[in-house]
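As structure tokens, one chain now follows by itself in the form predicted alone.
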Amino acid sequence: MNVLILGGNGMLGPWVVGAIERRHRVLVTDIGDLKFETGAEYRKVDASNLRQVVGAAAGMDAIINLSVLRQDRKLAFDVSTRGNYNMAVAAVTHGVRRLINTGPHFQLAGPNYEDHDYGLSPDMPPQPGSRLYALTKALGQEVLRIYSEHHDIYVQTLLFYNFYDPVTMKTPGGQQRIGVDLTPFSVAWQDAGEAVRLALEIELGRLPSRCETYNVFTDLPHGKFSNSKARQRLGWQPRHFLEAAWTRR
């Protein structure tokens, strides 16, 4: 497949590109210079710019949106919400049927869920709470859901939160976490990239609807959230369980 990646310079970008670039033709895009080595083509594209996104999507079979901006109210909306709208418009314009969206778990399961419940499913009604990041990403997901109801496109949203190097047990910020509790949504970089690859390659006819959401995190003992849908629908199996973090010494 010809695959367009938006926001490829972010934390998850190198792992997604690494998981798919030997199997597909990949165009990686972002607003700045490329920050990692890849054999894939690279182009500067602003995910919040409709004209640029539509132009980059020409000839593509799938679009993967990894873009995110958290701090600024306007820019967060432009990237996290408008970016998904731009992806949907680009898909309709060029007949791209496969869209993969990514975001934080709390765009679906905000404090009302996370603080009180267990066994939480990705198919429950969204309650993102009041945080800017969660709200802008949740609204972007809702835009894609509505587009999937009115156009011949299939949307898959993969929800993440915290990523770890399974060897060093360091977070993206460089903090080492050993012998302490993990956040409920934690996953190794490699397993996250593999989940995106599986969503990219699943036959669209196997999806039960045009809009599906998955929890993506390693097996954790507390059972607060469920990753069974990603396992059963995508065939995803985490290879790294991050035991060093949640096993007491």
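The first residue of the sequence shown is number 1, and the count goes up from there. These figures come from a predicted structure and were not determined experimentally.
Beyond what is shown, the protein has a form predicted together with a small molecule; the following relates to that form.
Heavy atoms of every residue among 10, 13 and 66 are located within 4.5 Å of the small molecule in the predicted complex.
In the predicted complex, the small molecule sits within 4.5 Å of a heavy atom belonging to residue 160. Using a 4.5 angstroms threshold between heavy atoms, residue 54 stays clear of the small molecule in the predicted complex. Within this chain, residue 46 lines the site of the small molecule in the predicted complex, having a heavy atom no more than 4.5 Å away. Residue contact check for residue 30: one or more of its heavy atoms lie within 4.5 Å of the small molecule in the predicted complex. Note on the interface: of 145 to 153, 87 to 95, 124 to 132, 101 to 109, the segment with non-hydrogen atoms within 4.5 angstroms of the small molecule in the predicted complex is 101 to 109.
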